[in-house]
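What follows is one chain in structure tokens, specifically the form predicted alone.
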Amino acid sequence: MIIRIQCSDRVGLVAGVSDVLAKNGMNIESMREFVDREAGKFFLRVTADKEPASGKLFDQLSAVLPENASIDISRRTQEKKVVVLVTKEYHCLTDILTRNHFNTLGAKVQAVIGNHNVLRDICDRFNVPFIYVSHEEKNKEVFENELKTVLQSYSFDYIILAKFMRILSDEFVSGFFNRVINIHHSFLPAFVGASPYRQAFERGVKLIGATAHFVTNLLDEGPIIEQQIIRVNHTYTPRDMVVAGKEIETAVLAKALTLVFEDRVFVSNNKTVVFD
């Protein structure tokens, strides 16, 4: 079992949770905790060796925690389900499909939705459904309504934007709160928006990076899950930066998805607590 708790901080929380688990015959295999002293918040992730002896674990934990505590209980064998949104770039999608095929993704891809048709072939090769929803000659509302209609056909935990080059509306994002994960091709908050590698080249940067984050109504400013950087120098052309950038984008998204699928990420306001 994986138990995740987020609540106001106070003395005795770890002892209270440990006592509840012991009374249910559950042995603690790992426990990670963190206190955000400025916000007065407590975060806890526990893995236990078995399910509780009774079906009242949630209520028992609630009784020893502050009011309005967030408690999430899941089985470690409970596999997540995802839908992937794409445009034309293949590198992140290919990595996801490969790991999905070999059961190393930590989730199952239910479908891929593209606003261009160019990535259908790679999905067909992996026997994953591809649905084409064009954005051309449509306003945003019509396009997003069509996306929602397709999404309603699937049961999923998260939407992955694997280089999906459309800005989603606040209304769309709010319907999937903290369930949309994006990979951004720069080290946020630097070089937001389009053409970050061109921006980086013109600025003469010595480091480039990538950021995976939850999507909010603020463009490229959602809670950050994972970031990485690599060194570049004056010999790199914009094309060289793009090639290097694609490699780090793939790695950062893969790491972020692993963290999320293993229930290691807590969202608190516009920040994350990550028990890596």
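For clarity, every value in this text was computed on a predicted model and none was experimentally measured. Numbers follow the displayed sequence, beginning with 1.
There is another form of the same protein, the form predicted in complex with a further copy of the same chain; it is not shown, and what comes next is about it.
This chain is drawn without a further copy of the same chain; in the model of the complex, the residue among Ala107, Leu151, Val205, Val173 with a heavy atom within 4.5 Å of it is Val205. A heavy atom within 4.5 Å of a further copy of the same chain in the model of the complex is found for one listed residue only; from Arg120, Arg166, Lys140, Arg198, this is Arg198. Stretch-level contact analysis of 173-181, 121-129, 142-150, 77-85 against a further copy of the same chain in the model of the complex, using heavy atoms and a 4.5 Å limit, identifies 121-129. Among residues of the shown chain, Phe156 is not one whose heavy atoms approach a further copy of the same chain to within 4.5 Å in the model of the complex. Within this chain, Val215 is remote from the site of a further copy of the same chain in the model of the complex, having no heavy atom within 4.5 Å.
a further copy of the same chain is not shown here, and in the model of the complex it never comes within 4.5 Å of any heavy atom of His116.
Residue contact with a further copy of the same chain in the model of the complex: Arg32 places a heavy atom within 4.5 Å of it. The partner is not shown here, but in the model of the complex the stretch 247-276 reaches within 4.5 angstroms of a further copy of the same chain through a heavy atom at Glu247, Asn270, Lys271, Thr272, Val273, Val274, Phe275.
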